Ligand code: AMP
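Take a look at this single chain in structure tokens; it is the form predicted on its own.
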Amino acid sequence: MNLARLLDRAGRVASGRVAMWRGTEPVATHAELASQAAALAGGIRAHLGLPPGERVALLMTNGPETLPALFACWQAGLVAVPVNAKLHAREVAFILEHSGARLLFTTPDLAGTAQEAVSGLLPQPEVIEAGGAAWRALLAAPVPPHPLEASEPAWLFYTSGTTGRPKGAILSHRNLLAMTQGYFTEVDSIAPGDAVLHAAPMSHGSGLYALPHVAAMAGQILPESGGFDPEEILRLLAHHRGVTIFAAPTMVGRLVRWPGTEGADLSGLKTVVYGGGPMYLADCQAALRVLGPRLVQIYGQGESPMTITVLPRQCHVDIEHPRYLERLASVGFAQAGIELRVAAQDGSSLPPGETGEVIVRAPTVMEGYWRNPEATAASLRDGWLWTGDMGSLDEDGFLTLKDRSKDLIISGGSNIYPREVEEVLLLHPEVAEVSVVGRPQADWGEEVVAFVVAAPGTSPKPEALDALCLERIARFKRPKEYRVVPSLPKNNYGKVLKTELRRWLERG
């Protein structure tokens, strides 16, 4: 089934109901949203001649055109490649080249980044700015959803790997439909008058959770700021009803600590779904105290989107349970239809309480990595997805994550892989060695710290290292502190001991 049929159905059944708001102002009904996506798909077919299966990149901040562009790709039988709007132009260029995108939709605020990204590519993808003349010219006669097999790619979800090179997880229409159905089964119900507030990027989790809201013929709320602003969110919650927000734990923490949140009118807030990083126990308890019994946690990956485990609302408030605090510190239990194990290196299941790698088998698991058979073979083994996350299960099936085997740093809900930053810093002539680790940070979850060994006779300046990072990677990935050290701690095999570096940070 083509996912575009979800929007097509909503446009017919709930034609006059508001489907999208910009702040507090309605901008489209379901019929208008469906018509715009179908017309855009018609233009892509008629004027650009893209055959089914071609890739279309979306470098867009959250705006009224983002969802129509996404559904237009599916309506025309194309594969959407949503791109993190915070990436550097060099990183965007890699994703465009690797995916083979023929077309790039962008928003006006990212037009400069888009043009820089395509400038060195051959062939060069066509860049179309949302709302511009070329966009308006595409709005041709609407076309019906292109018939597709459920296993065909719908979304290439680019997520960094251990080498720092992004990998494109192939999410099929079947994967995303299973995720959508899993939302209703495990996460929350959605009534027709409800809405999801997109305070997080729609290129990732928030955009994925647009799908169950389209399926339920509910609404989408786009903050006028385009992102996460606690003061604006509180204003929107006072206006709208039945609102769900998907947020990284760091965003939840910022909302809870915002001076105006405690005592505010939160009657419009139905659910806060959090995931994408660890929620520390104290932070979860503070959120429950301020926001009330509205929290649901999910654990998933780009390779099994939003759908591995769930810690439902009732587990957040079941304070009489003898293991309440342990459960609150976990990521919950396997969602329905998900097979979950904690495995040793040989694939054998470990008993409760023992730590191993989290592996998953489910209809939500990706088809593989785009143009990367080696990474696919490493991650998908005998039908199981090896997540790279370390954890343990208790006797009741609740999963507690222990560590990230790939040394992933999560800052503000965005993934940062140390080697990616290290490779950039090693380009500086005054850097002989470098190792990057994460340090806890109240507002963002973690921040990047670089331990640098200077080349003989040199003294690298933080300003110069910062400038190098800003030339080559996204701003949010650059280290917040550079510590020049005589040497890095290593084991007998010469591998840097990042655990020891973290101890250095703890000792100050």
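For every residue, the number given is its place in the sequence shown, counted from 1. Quantities reported herein were computed from a predicted structural model and do not represent experimental measurements.
The discussion below concerns the form predicted in complex with this ligand, not included here.
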Could you confirm whether Phe71 comes within 4.5 Å of this ligand in the predicted complex, counting heavy atoms only?
no
I'd like to know whether Ile298 contacts this ligand in the predicted complex, with contact meaning heavy atoms within 4.5 angstroms.
yes
Looking in the predicted complex, any heavy atom of Asn372 within 4.5 Å of this ligand?
no
Taking 4.5 angstroms as the cut-off for heavy atoms, does Pro278 touch this ligand in the predicted complex?
yes
The chain here is shown without this ligand. Which stretch in 427-435, 136-144, 268-276, 80-88 comes within 4.5 angstroms of it in the predicted complex, by heavy atom distance?
268-276
Decide yes or no: are Thr159, Gly302 and Val331 jointly within 4.5 Å of this ligand in the predicted complex, with each residue judged by its heavy atoms?
yes
Of Ser379, Ser392, Asn415, Ser172, the one that lies within 4.5 Å of this ligand in the predicted complex (heavy atoms):
Asn415
Consider the chain as shown here, without its partner, and state which of Leu401, Leu237, Val118, Ala247 has a heavy atom within 4.5 Å of this ligand in the predicted complex.
Leu401
